[in-house]
Structure formats: C-alpha cells, structure tokens
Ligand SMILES: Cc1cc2nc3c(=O)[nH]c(=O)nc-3n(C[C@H](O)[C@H](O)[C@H](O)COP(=O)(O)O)c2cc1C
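The form predicted on its own is given below as one chain in structure tokens.
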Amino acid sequence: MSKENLLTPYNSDNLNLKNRVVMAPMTRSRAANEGNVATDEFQGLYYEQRASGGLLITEGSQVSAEAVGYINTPGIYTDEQVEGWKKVTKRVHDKGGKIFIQLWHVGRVSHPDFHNGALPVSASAINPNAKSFTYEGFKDTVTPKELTIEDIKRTVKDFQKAGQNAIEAGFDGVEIHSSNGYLFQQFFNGCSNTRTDEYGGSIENRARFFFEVLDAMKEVIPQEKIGARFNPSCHGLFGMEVDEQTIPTFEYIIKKLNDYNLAYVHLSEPFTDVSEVPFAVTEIAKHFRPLYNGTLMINTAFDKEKGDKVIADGLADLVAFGKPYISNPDLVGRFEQDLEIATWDENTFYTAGKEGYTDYPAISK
C-alpha cells in the first residue's frame, strides 16, 4: 500500500495543503440576521475551530437573491456579505488554514416565500415534487419558471460577480456547486431539462450553462482557484433521476474539464443505494478517476480507514468529510492520535444558535 494517506501533505501546481482532509460544504442555517451575512461570532468561530483541515469548503452561499432556497443561509452578492466573510477568512488564515467558498444557486429547490411570491427558476418548468424548508416550516415545491436566454446570461454574470466577491473577501478559492439536484444539475439531467434551445437536448447543450459560468469566472479570478462539485449518481433527491444519458453527460463534463486548470474536481459517491437503479454508477471514484487528470476529491460516508484506502489505491487525492466535521472540530487531530470520533446531533444541524454548532469540544492535543 502507498505511504500516502489522509495525513500526508498534498502539493500540486494549484494546491498546497498540509494534509488531505477536507471539510465538506454543509448547510447549517446559522446566518440568522438581516441580509444573510456571515458573522465573526458564528461562521468565524465555526470555521476557525476546524482550520487544522487541509482545506475547508464553506456551506453553500447564494450568488444572488434569486438563488436563495433555505432559511438563514449566507450570501456572497452584497457588500455587507463580503465584509462579513472577510472576518471569517481572516480567522481561518490566522490559524494557518485554507478556505474555499461554495457558490450556490438552488434553482427550483426553492419556494415563492423566499422571493416575495415570485416563482423560483429552473432549466424547465418542471416541479421537483419535493419539500422546501421555509421560515414557516416545510412546504411543497412549486412548478418553477423556465429561465429565458436573457435570464441565463444574467445568472452567468451573478456567478462571475460572486467569484470576484469571494476573492475580495479573502477566500483562497471557490467551489461551483454543480451537484445534489440544484440549478446546474437541473440543466444536466433530462428529468429536469426538456428545453429545445441551445441549453437542452444534446449532452453538450445541457452542459453549456455550466461551462459558460466557468469561462466567465476565469475571466475575473485565476482558474486554479476554482473547483467544482458533481454528484453523478444523484437519484431520488429533489426530483433527480438517473437515465441512460446521465452518466455519459458527467463523463463528457469531467473529460472536458481536463482542458481547464482547476484547483480540483469534487465528486460524491451515491447518497443512497443505487445498485438497483438502471444506468447508475455505484463506485464514482473508481469510474471517474481514469477520466480526469487533475486533483480529484471524493466524499460521502468516509472514515479514516476508507479515506486512507481510497488515496492509497490512487482513486482520489483528497477526501472530504461532512458530518464527522460537525461534531469533531479537531477531526485531523483525532485521526492523528487515533482518538474516538464524537457522534453528531442531527436535531441541531439546521437550528439557530451555538448549540450543535460551535459547542462541540476538541479533545486532541
């Protein structure tokens, strides 16, 4: 077995990390203030506590007011939001950490309650038939408005500006959230995209919006500061379905990304059992590693042993941890000292306040 594991440094042309442990992006609904601003007291302390990781990726942060789809989530599209994030990045950097922000647009996974009664938007006017978590509790999603060509061009500029704002806020880079049934994946998948224009139909057309955003963003920030996240076998989440074109679409996208000089590509193993789902891929890292020449990050249900193995087997360069990082701010230290991993309290994942957020203790030395 290779000596490379989670605790060894990772050095590429674009990333120099003290270890290969990454904090995965996770919505925590703690930006409970006017303007959805990240604060020193909440996000600042939360990410500072976890700065021993090789790389931290923030919770999804909306690129515009139209992109909002969850309560109390931070944005990166106003001056106040940029100023709020500056305090967060400083705290992480002061601890020797590195931090990317995840840029987010939920698309149809939203509700009119977030948009003064206006419809959420998507690739096509197809209801995901899911639930939206609003300030009044869970509500049924609605049929969204299909984005016009003009709307798409505006959204491209929203992402471009958000990337610019992120660098101004002190982030080491950005991750484009192209995963988990949100806006980009709504363009990728046939179940949510029935367009007949240049953004629908063929694989190339359904991937066009993503690459337009990527091309626009690298005009204003170095492309080596950009990562992207994908969930190729996403099935049953927010109306997503895998069909015969789904995996070929992601194969096309991942291969095409070899033409770019990105910080990394971030892939998720299936969230649910897809062994009986026609056309789905059950081992994402194994399937996509041969297709991508750059830095590959993998996540979903890893522990230290599995993380070490996927790196040693050459199937990934970095491993992102989600829930273990919620309850173990010193996750890297616990890995180093083979200490017990604390369990997390799902009841406080999305609540207000510090409980279940910044009050988990560090026990490593």
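The numbering used is simple: start at 1 and walk along the sequence shown. Note that this is a predicted model, so its numbers are computed, not measured.
The protein also exists as the form predicted together with the ligand; that form is not presented, and the subsequent description refers to it.
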Next item on the list: Identify, from the list Val68, Met26, Val37, Leu315, the residue with a heavy atom within 4.5 Å of the ligand in the predicted bound form.
Entry: Met26
Notebook entry, point to check: Of Phe211, Phe279, Phe271, Phe138, which one comes within 4.5 Å of the ligand in the predicted bound form, counting heavy atoms only?
Noted result: Phe271
Next item on the list: Go through 56 to 64, 37 to 45, 334 to 342, 307 to 315 and give me the stretch that gets within 4.5 Å of the ligand in the predicted bound form, heavy atoms only.
Entry: 56 to 64
Note to self: Within 4.5 Å of the ligand in the predicted bound form - does that hold for a heavy atom of every one of Gln102, Arg229 and Ala301?
What the structure shows: yes
Check: Would Met297 count as a contact of the ligand in the predicted bound form, using a 4.5 angstroms cut-off between non-hydrogen atoms?
Finding: no
Notebook entry, point to check: Can Asn180 be called a contact residue for the ligand in the predicted bound form at 4.5 Å between heavy atoms?
Noted result: yes
Checklist line | Exercise: Ile326 in contact with the ligand in the predicted bound form, heavy atom 4.5 Å | finding: yes
Notebook entry, point to check: Should Tyr350 be classed as touching the ligand in the predicted bound form when contacts are defined as heavy atoms within 4.5 Å?
Noted result: yes
Next item on the list: Pull the contact list for 306 to 325: residues with a heavy atom within 4.5 Å of the ligand in the predicted bound form, in sequence order.
Entry: Ala320, Phe321, Gly322, Lys323, Pro324
